[in-house]
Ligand SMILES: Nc1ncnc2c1ncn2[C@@H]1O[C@H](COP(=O)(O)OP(=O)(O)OP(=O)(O)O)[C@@H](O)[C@H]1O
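This document starts with one chain, in the form predicted alone, laid out as structure tokens.
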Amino acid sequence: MTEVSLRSLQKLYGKTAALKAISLDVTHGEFVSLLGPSGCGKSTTLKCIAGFEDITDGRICFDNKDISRKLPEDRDIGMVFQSYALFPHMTVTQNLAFGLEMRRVPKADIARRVASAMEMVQLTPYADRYPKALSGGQQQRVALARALVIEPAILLLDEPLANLDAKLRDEMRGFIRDLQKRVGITTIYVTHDQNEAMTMSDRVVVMFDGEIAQAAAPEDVYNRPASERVARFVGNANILDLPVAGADAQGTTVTLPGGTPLHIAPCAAPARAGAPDRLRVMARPEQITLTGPGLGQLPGRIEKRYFSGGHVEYTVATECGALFVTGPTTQHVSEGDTVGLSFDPARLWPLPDPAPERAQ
């Protein structure tokens, strides 16, 4: 297994900075997802690691060896693309053997490794089929097997599930993650799909505008976002702007409309400047409980109600603005009903002050 280190990695296209001196360590056998909107730099980062893009400045190291100027074929990587990039005129066996043949691996070893790779991705019965005779999920497994059969040090995946339907994407998420765990290969995965990043990764790297906004375990990115922008990008986030009633080493007390106090634990995010008189607090939809009218800590009225299979989604009008809340399907609340909202202070997350605007 191999460790990947990015050191002040910069990529310019003319005067436009696609990557702004980012640094990141991916440990041995770790599954890391680069997550962000289009144009944030995640695919550029992957292409730089693969050697498909020249870097402008900084270093890329594999096991502390600088490979920044090496050609792609000399980097010992396996790559899986969104388009699969299978050879249409070759069978599954021939597609898998191609990379080994280019490396002049002995024929007996090729046969053994191809057979092992096909078994690994459960495609042995399809060995003699051409890509056009395979389903999308089967083609994706061929692409994975072709990347792994060369026994690379690092596996890179660039939005490999984007072309699959929703049910097949769910199946392939589990398949790829289970396979990665069995093989134990260091993996960097690019996606704009939050569910993919959250369910598959050991660590999620959220990127905006060529910079890393947060790199943390999925649970931390979701429950303890480093900024309001991360909070709003990853899942649904209710942001409450509340007056501060007091603060000490044990946390901050804020006040809801109507005067109900809430005590918020100390923020693990960067320290806030000075002693602000207001605090922005994040509450996820599932962290707010709907109660009966006159109960709870904040009154509201149901504006919208959507049945979503395993739960119900509500938009609730309150003095704090429209809040998004999820509840069980057994709860009978209709649009127009008056309700109360209850907050668990232990699950609320105080957000740091926004970063100042940079001069252009």
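Note that residue numbering begins at 1 and tracks the sequence as displayed. From a predicted model like this one, the values you see are computed outputs, not experimental measurements.
The discussion below concerns the form predicted in complex with the named molecule, not included here.
Engineer: May I ask you to choose, among T326, S43, S68, T291, the residue with a heavy atom within 4.5 Å of the named molecule in the predicted bound form?
Structural biologist: Selected residue: S43.
Engineer: Within 4.5 Å, heavy atoms only, which of D170, E228, E211, E159 is in contact with the named molecule in the predicted bound form?
Structural biologist: The residue in contact is E159.
Engineer: Taking heavy atoms only, is R177 within 4.5 angstroms of the named molecule in the predicted bound form?
Structural biologist: No, R177 sits far enough from the named molecule in the predicted bound form that none of its heavy atoms falls within 4.5 Å.
Engineer: With the partner left out of view, is S38 within 4.5 angstroms of the named molecule in the predicted bound form by any non-hydrogen atom?
Structural biologist: Answer yes; at least one heavy atom of S38 falls within 4.5 Å of the named molecule in the predicted bound form.
Engineer: Is L24 near the named molecule? Define near as a heavy atom within 4.5 Å, in the predicted bound form.
Structural biologist: Close contact is absent here: in the predicted bound form, L24 is far from the named molecule, nothing within 4.5 Å, heavy atoms only.
Engineer: Indicate whether the named molecule has at least one heavy atom within 4.5 Å of a heavy atom of H192 in the predicted bound form.
Structural biologist: Contact with the named molecule, yes.
Engineer: Which residues in 197 to 235 have a heavy atom within 4.5 Å of the named molecule in the predicted bound form?
Structural biologist: Counting only heavy atoms within 4.5 Å of the named molecule in the predicted bound form, no residue of 197 to 235 makes contact.
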